[in-house]
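Have a look below at one chain only, the form predicted alone, in structure tokens format.
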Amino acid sequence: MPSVHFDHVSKRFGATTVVEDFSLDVEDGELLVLVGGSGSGKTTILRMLAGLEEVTEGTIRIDDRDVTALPPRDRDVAMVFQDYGLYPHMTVRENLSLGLRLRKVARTEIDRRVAWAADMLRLEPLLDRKPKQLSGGQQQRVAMGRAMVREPLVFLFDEPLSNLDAGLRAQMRIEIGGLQRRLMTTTVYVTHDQVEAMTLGDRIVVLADGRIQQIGKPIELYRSPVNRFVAGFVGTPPMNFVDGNVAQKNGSISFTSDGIDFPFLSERRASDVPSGSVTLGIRPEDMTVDVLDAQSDGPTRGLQGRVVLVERLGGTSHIHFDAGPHRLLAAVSNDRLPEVGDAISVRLHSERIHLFVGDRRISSVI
């Protein structure tokens, strides 16, 4: 399958730059996800690749062919939109075959491709139905099948699951991921949902304000974010951040911030962490919560806090608590949960602590 190359691509609308100096190689057969919030430039990048937006600067190549100035029909890409775009007066079979019929593909070849796509997407029983007789998930499968029958060089997905409810989104994520791995077609997938990005992508590109923040495999972004934006964007629930100061004394290091005084680093790594103002980041799942005995006045380990909310979500619960003036969140999996108002001791897993100076991550204490 072909690869896709962006070489210093920028896009401006008048004086407004929405994508700036975007360079990226999408590998053969890869499912690459562009993720970011509203206005990050992810959809504009996809539309430039599809030929629906002109490139202001730079070049785009598909399979080593410069397609920067080519119209969409000459790029051999197929796009699946958030809006399914099915023709309501046509059956599923007719919707699947429309593009091929417009290209005057032979009837036997059309039948072959439609049958193949219908088998892959489990659409055979639905071929004679019209879109209004289908569920949202079924309509999205038809939209995917319409792209598949073209047998394109590259698949493009523009937030295809946004109109589905939570259960269908989870199901369709599994189907899209499994389908792409069976077809091994180079795929660029755009979403604002970092859960979709983490579960689908071979690699993820995190975008903000039209610029790449970080590129990597899902676990790399989760464990080693390069800056505070990526750290806060990737992961559910998001990372806790506390601004404070690092102090070194007698070879050990502690973090202090408005009532929090937490020793977290041993002497062997003290030289790796600069003293001064930093932001400490810790993921909710990297915290352990112990309920304090109301009668006990002895010393406690870790941070002391008071519970303000308990979200019982089944196997995992979210504990919202105050530690000094800071509101933090711990994700725990245990049978003995604290109640609102309980005093707790929270231990931070030191090997999973992240430190930031400004927006830049300087260290994880491993």
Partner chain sequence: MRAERRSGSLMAAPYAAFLAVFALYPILFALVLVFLKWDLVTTPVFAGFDNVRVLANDGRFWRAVENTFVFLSIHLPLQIASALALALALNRPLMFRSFWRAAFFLPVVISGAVVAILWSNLYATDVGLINGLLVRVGLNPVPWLTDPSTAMPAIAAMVTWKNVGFYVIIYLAGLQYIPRSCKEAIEIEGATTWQRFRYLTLPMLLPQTILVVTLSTINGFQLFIEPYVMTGGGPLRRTYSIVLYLYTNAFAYQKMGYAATIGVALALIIGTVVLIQRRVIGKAEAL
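C-alpha atoms forming the largest set that superposes within 1.5 Å between two forms make up the rigid core. Please read all numbers here as calculations on a predicted model, not as lab measurements. Numbering follows the first chain given and starts at 1.
If you look for the form predicted in complex with the partner chain, you will not find it shown, but the lines that follow are about it.
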Legend entry - G85: touches the partner chain in the model of the complex, heavy atom cutoff 4.5 angstroms: yes
Inset, instruction - May I ask you to state whether R47 is within 4.5 Å of the partner chain in the model of the complex, using heavy atom distances? - result: yes
Inset, instruction - Give a yes/no on whether R283 approaches the partner chain to within 4.5 Å in the model of the complex, heavy atoms considered. - result: no
Inset, instruction - Tell me, yes or no, whether R203 is in contact with the partner chain in the model of the complex, where a contact means a heavy atom of each within 4.5 Å. - result: no
Legend entry - Partner-proximal stretch of 211 to 219, 227 to 235, 126 to 134, 162 to 170 relative to the partner chain in the model of the complex, 4.5 angstroms, heavy atom: 126 to 134
Inset, instruction - May I ask whether V278, H354 and R361 each come within 4.5 Å of the partner chain in the model of the complex, counting any non-hydrogen atom? - result: no
Inset, instruction - Have a look at L52, A69, L337, L309 for me and say which one sits with a heavy atom within 4.5 Å of the partner chain in the model of the complex. - result: L52
Legend entry - in the model of the complex, the residue from V242, A78, L121, V246 that sits within 4.5 Å of the partner chain by heavy atoms: A78
Legend entry - Sequence-ordered list of residues in 207 to 230 near the partner chain in the model of the complex, where near means a heavy atom within 4.5 Å: none
Legend entry - Cα displacement of R223 between this form and the one not shown reaching 2 Å, rigid core superposed: no
Legend entry - L102: Cα shift of 2 Å or greater between this form and the one not shown (core-aligned): yes
Inset, instruction - Classify Q171 as shifted (yes) or not shifted (no) between this form and the one not shown, where shifted means its C-alpha moves by 2 Å or more with the rigid core superposed. - result: no
